[in-house]
Every structure is written in C-alpha cells, then in structure tokens.
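Just one chain follows, in the form predicted alone, and it is written as structure tokens.
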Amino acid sequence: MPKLLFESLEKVYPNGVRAVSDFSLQVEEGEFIVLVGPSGCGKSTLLRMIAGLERITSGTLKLDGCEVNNVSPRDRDVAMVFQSYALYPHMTVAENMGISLLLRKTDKKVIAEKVRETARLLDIADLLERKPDQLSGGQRQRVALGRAIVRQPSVFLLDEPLSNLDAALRSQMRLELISLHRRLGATFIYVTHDQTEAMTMGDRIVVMDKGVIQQVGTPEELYRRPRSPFVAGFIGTPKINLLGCTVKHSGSQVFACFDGLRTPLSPDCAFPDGPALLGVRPEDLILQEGGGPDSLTARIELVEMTGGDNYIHLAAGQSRLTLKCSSRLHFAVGQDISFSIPADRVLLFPPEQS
C-alpha cells in the first residue's frame, strides 16, 4: 500500500484560478519526493492540500489507504516545515519544539524528553533555553525541523525550507536533511524551485508547470531523458542548449542542420526529415583542437569562470550555445573554437514543443 496516493487532485479558487490540475501520483513509504517548478506552478498549494491547510476542490488524497480529504490538519499524520520557520518569538527553543505536543495535552515530562532527544539529533541541545532572535538562520531551521520531528509524523512536508539561507549553509543543510531522512525512515515531500536541491536530494522528482505534472522520474531519468524542452531546460546547470534545426536523412546517415552547420545524429534516429528542436547539454559538447570531420566552429562571446569550470558562451550564426569545460583552459572573447556534439547525447523534440 502506498504511503500517499493522489488521484486526479485539483484546486480551483473561487476567482476561477486553477492552481493544480489532475494531479495523480503514488508515493511509497520512506520516499524522498521533490516537487520542483517555477514560482506559481502549484507546488506549495499541493503541499498545503496534503497538510489540510487548503481545501481540495476535486479528486482524492489517501494516506495509508484512507481518504483524508475532509480530515482536519491536526488529525493527519503529517508535519509541515515552512519557508519562514514560523517560530514563536516569545518562546524558547524548547517551548517552540514542544508546542504541538503541549496542545495535544501530552504529559510535560514526555514532552521534555522528546524535545531533548530531538535536540541531540539536530545538534541544538545547547540552544534549548534561547529564543529565536538569538539564533542564526541555520539554527532556526533546525528548530523548525525539530518541532516537526517531536510529533513523530510518518510524512514530513517541507516548503522551500532552505531558501532563506546563504549558499554555503544551504549546501550543508541539504546534506543534513538527506542524513535525517535516512535516520528517520519517514516519507518526505519537499518543495523547491531550486533544481540543484531537487537533483541532489530527491529519490524521485516531480516537475510541475502551471499546476500540471510535466514529468516524474529519478534525477538521472529527468536529466538524460526529459520528455519536453520545458523539463530539459529546468533540470541541469548550466541550462541545456536548445537550438532550432532541420533533420535530414542522407542514405544511412542522419544530420541536424542549423545556421549553415551540421552535426551527425544516431543512424537509428527515427525523427522524420524536417524542423525540430535540438537539445544538448553544455558539458556534453567536446572541444576539438585543430578541428575534425564532424567539428563545428563558433565564436566566443563571453567566458564565465565559476571556480573549477568555465562556461563558454558561443555564437554560431543566429544560434547561441554554452560549452562547459575546465577552468584550466584559457580562452578569449572573439576567439573561434571548434567543438563537436556526440550523436548519442543529442535530444530531439518536435518544433511545436518549443
């Protein structure tokens, strides 16, 4: 039996705005599911429907096989961690962490023990008597997580919990959340617009746009086999190159042609002759010193040095591409370079999907 089952879930507001459409998904117990998509795509609304904070317009939501559409939030076996942390400023860390158990009239000794255990788990045992304004952003985030953990829910709902942290702390907290998920063995539903978080944390990723699921899969599946230009463009850093091209079959060979250039495609390419959208990731472009039979030439417009990597922005006629390579290689703006596109790394999409 799945932990969560979404059956054609929809959310339509009184003004007619449709936030979520026909959302169907099966989530297994202990999975780490990441909902990702641009702002306004419906992912946070979906999380709030799971928590019971938004009413479901139509469809069915089941938890452990039981429909929970009309079950109150406090009676669902879920806990939510908000982007803003939502800590009570007048309460200590210990009081913030234990508030949900206190409202359930749990014995105070039991609350104190659960709070201490959770604080040790999160390495905040020495902060229990402090108040939120005495804590750093990372410490506040741990307190918010701790408040959810003491309830011992079977499902954790996390709504962009790391977005208020700086880059270094976000990276550290990603690792801590992955470790926490493994130790607790609970089901995590995690909302983010950051595809790096999605790729590094999720067992499966649900890509959404305009309230609709675009694709569900493992990080590798979405990266290597996106079903649409939207998914291809949303997953991966730097962003995938998407170029208008024309597919041409010539005997046993197949080519993609754009801006006077052509690159070979796989001989078993079933895409028909005619216009298409070619996708190739920047790290899959291969530099070719001195050129070669299948090499292409483009002019450098910009070089971004990001530490260990260079992002080389290229112009080939009207087409623009990005090539990713080692920052140990040095290039100059205005320089012409040669590169090739491996046929087995090319993605082709119908032109209407662009």
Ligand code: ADP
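This one's a predicted model, so the numbers in the text were calculated from it and none came from an experiment. Throughout, we count residues from 1 along the sequence that is shown.
FYI, the form predicted together with adenosine-5'-diphosphate isn't displayed, but the following is about it.
Stretch-level contact analysis of 55-63, 324-332, 37-45, 300-308 against adenosine-5'-diphosphate in the predicted complex, using heavy atoms and a 4.5 Å limit, identifies 37-45. Of the residues 25, 19, 9, 341, just one reaches adenosine-5'-diphosphate in the predicted complex with a heavy atom at 4.5 Å or closer; this is 19.
For the stretch 290-325, the set of residues having any non-hydrogen atom within 4.5 angstroms of adenosine-5'-diphosphate in the predicted complex is empty.
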